[in-house]
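Coming up is one lone chain in structure tokens, specifically the form predicted on its own.
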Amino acid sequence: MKFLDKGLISLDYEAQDAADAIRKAGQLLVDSGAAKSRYIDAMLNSYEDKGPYFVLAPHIALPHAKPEDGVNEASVSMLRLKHPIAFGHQKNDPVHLVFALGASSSSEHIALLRRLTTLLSNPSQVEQLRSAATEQDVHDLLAQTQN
């Protein structure tokens, strides 16, 4: 399981729009070997078909698709946008943090969501993610939350 591992974090990406942000967050999964490139297309298709249902909290999006759409390993990437982007969600726009989630089973999906929810349920930790200067700062935060 890869949870915001080295190479799965990109800070201050200048996204053109929501689709660009989803594409970039998904590319982090692909580049790490956790997903196939078709998984990005599946996440984009899900967004086009269902809208921004995955904008789960203020300023936070969690795009994902089905395991059979190309997940190799359970994983979560994080993309912090340099400028927040509207995804079309009535209450939670604009999005500043995008977490692409790939799971190859429902139990992995639940485990990743639980870990992400624990991290994001603390406003102080969310602010630390939003203000981290480096990828290492994010890893340090994760190490603190593991204890």
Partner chain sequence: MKIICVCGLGQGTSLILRMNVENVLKEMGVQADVDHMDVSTASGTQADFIVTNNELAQSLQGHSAKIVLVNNYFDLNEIKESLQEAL
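Residue numbers count along the first chain shown, from 1. All of these numbers come straight from a predicted model, not from anything done at the bench.
The form predicted together with its partner chain is left out here; the points below concern that form.
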Answer key: of 44, 120, 97, 30, within 4.5 Å of its partner chain in the model of the complex (heavy atoms) is 120
4.5 Å heavy atom contact with its partner chain in the model of the complex for all of 2, 7 and 130: no
Against its partner chain in the model of the complex, would residue 78 count as a contact residue? Criterion: heavy atoms within 4.5 Å. no
I'd like to know if residue 36 sits close to its partner chain in the model of the complex, meaning any non-hydrogen atom pair within 4.5 angstroms. no
Quick check on residue 101: any heavy atom within 4.5 Å of its partner chain in the model of the complex? yes
Indicate whether residue 110 is a 4.5 Å heavy atom neighbour of its partner chain in the model of the complex. yes
For 87-102: residues with a non-hydrogen atom within 4.5 angstroms of its partner chain in the model of the complex? 88, 89, 90, 91, 92, 101
